[in-house]
Ligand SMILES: Nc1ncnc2c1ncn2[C@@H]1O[C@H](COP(=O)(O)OP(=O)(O)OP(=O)(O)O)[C@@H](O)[C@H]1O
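The form predicted alone is given below as one chain in structure tokens.
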């Protein structure tokens, strides 16, 4: 197997430099993880290697021979395989048909040899320890299984290099091990694996080497054994990890949000009170019921009983419009499916929650809405080409900023956040944490569900642990700063010793 050598790669878009002279070698039989903030140049670099983008300067060489610039077919013939972040299987075709598309096997009579393709597909899947029926339609597979099929397809004819762009971005944690197994198998076959990710936990698990890009520059290139979590993050963001979380001010004594006996279908009655300027974290395991609770408060998930009050005034249940009128805002976990319309512009996405405010007698007040939305986008430091840019062309972090900012064209009193930094790189996270802290400092009450434990510990004034749809414990500010806080939260979330002297926490709140 040969090395891939990138020499002085320079690339810009619209006059904006993205890669500023990157020189790097990817060795066979190794997994190199490329990390960096969104916009650091990771995806652009691997697309140049795969021939999907053309470098403005520099060249990519394989076994000392230059690859043809901007020619994906030539790169593919040399064994360079790219599996992009956005998978493109044909959903109405079966697994075996997707595996053999473009290289179908035929009988002597020139007809498709389906039996042979099914047999060989089964053998191929089995060789990678993937238990999928080759006759299964692709649309019936999970994202994780589709990812595995794409990687197997890419490497089935041999691979000099396997380029994976954010392969686990849409895969549940419980299914990631299958991907790791295949990546290790490809590495053992002698291919150079290049793997972009924003998940710190994947680095120690899968990589031999960590390369950090920042603002188009290569700022760190070390064996994984010589890196630390904090060191990688500091290299990515250009400052110490201690600066990641913004300082939060003390909340007021006034009670802003009061929830009494709120009950979802088949659920338990839940009580919660949040002070003005307080950030309350909802911690727990996946499926604990945090999302359902937030959606119940906002009215997009039906509740059967209970009351919701904002500043002492009742909010009608099961009515999102009433929640908005009461100055309650929700940033959902699934920003692509429930939080935005990706094909629409920044301006139109930001208009959606407040159509009535931006229109008169059915006519849109375009100058007013553009001025208002431009101001809030500047306040969250959105990086874009302008309000007309479609959301699908923004990075994950900037998409999330739009979801935040669109609520800020009018005053809000309560902000409900569901996994606010999921799928967002570490640099954009810092910006989002600043937004949350600034909103709390201005008097907004924040209820934040997060599976990221440092996020809860670094931002929340108070944390409530959710398990099986119930509030099973609470940590105050002092308890959150203790060294055993994370262990205490996990024990409560897992139902281990709910009433013990070790945790010093109350049992169930309901």
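Given the structure is predicted, the values throughout are model-derived calculations rather than measurements. Positions refer to the first chain, counted from 1. Definition used throughout: the rigid core is the maximal C-alpha set that superposes within 1.5 Å between two forms.
The following text describes the form predicted in complex with the named molecule, which does not appear among the structures shown.
> Quick one: of 51, 39, 469, 473, which gets a non-hydrogen atom within 4.5 angstroms of the named molecule in the predicted bound form?
Contact check passes for 39.
> Tell me, out of 166, 419, 295, 97, which residue has a non-hydrogen atom within 4.5 angstroms of the named molecule in the predicted bound form.
Going through each option in turn, the one that passes is 166.
> Within 4.5 angstroms, counting heavy atoms, which one of the listed stretches 396-404, 114-122, 146-154, 324-332 is next to the named molecule in the predicted bound form?
The contacting stretch is 396-404.
> Report whether the minimum heavy atom distance between residue 22 and the named molecule in the predicted bound form is within 4.5 Å.
Residue 22: no contact with the named molecule in the predicted bound form.
> Is residue 9 close to the named molecule in the predicted bound form, meaning a heavy atom pair under 4.5 Å apart or at it?
Heavy-atom contact with the named molecule at 4.5 Å: absent for residue 9.
> Please determine whether residue 450 contacts the named molecule in the predicted bound form, using a 4.5 Å cut-off between heavy atoms.
Close contact is absent here: in the predicted bound form, residue 450 is far from the named molecule, nothing within 4.5 Å, heavy atoms only.
> Is residue 318 close to the named molecule in the predicted bound form, meaning a heavy atom pair under 4.5 Å apart or at it?
Contact check for residue 318: no, nothing within 4.5 Å of the named molecule in the predicted bound form.
> Check, residue by residue, if 18, 198 and 389 all come within 4.5 Å of the named molecule in the predicted bound form, counting heavy atoms only.
Yes, the whole trio is in contact, each within 4.5 Å by some heavy atom.
> Has the Cα of residue 192 moved 2 Å or more between the shown form and the other one, judged after a core fit?
No; residue 192 is a residue whose C-alpha shifts by less than 2 Å between the shown form and the other one when the cores are overlaid.
> Residue 393: CA shift of at least 2 Å between the shown form and the other one after core fit?
Yes, because once the rigid core is superposed, the C-alpha of residue 393 moves 2 Å or more between the shown form and the other one.
> Core-aligned, is the CA shift for residue 75 between the shown form and the other one 2 angstroms or more?
Shift at residue 75: below 2 Å after core fit.
> If the C-alpha spacing of residue 195 and residue 382 moves by 3 Å or more in the predicted bound form, is that a move closer or farther apart?
Here the pair is farther apart than in the predicted bound form; there, closer.
> Once you account for a change of 3 Å or more, let me know if residue 385 and residue 214 sit closer or farther in the predicted bound form, using their C-alpha atoms.
Result: closer.
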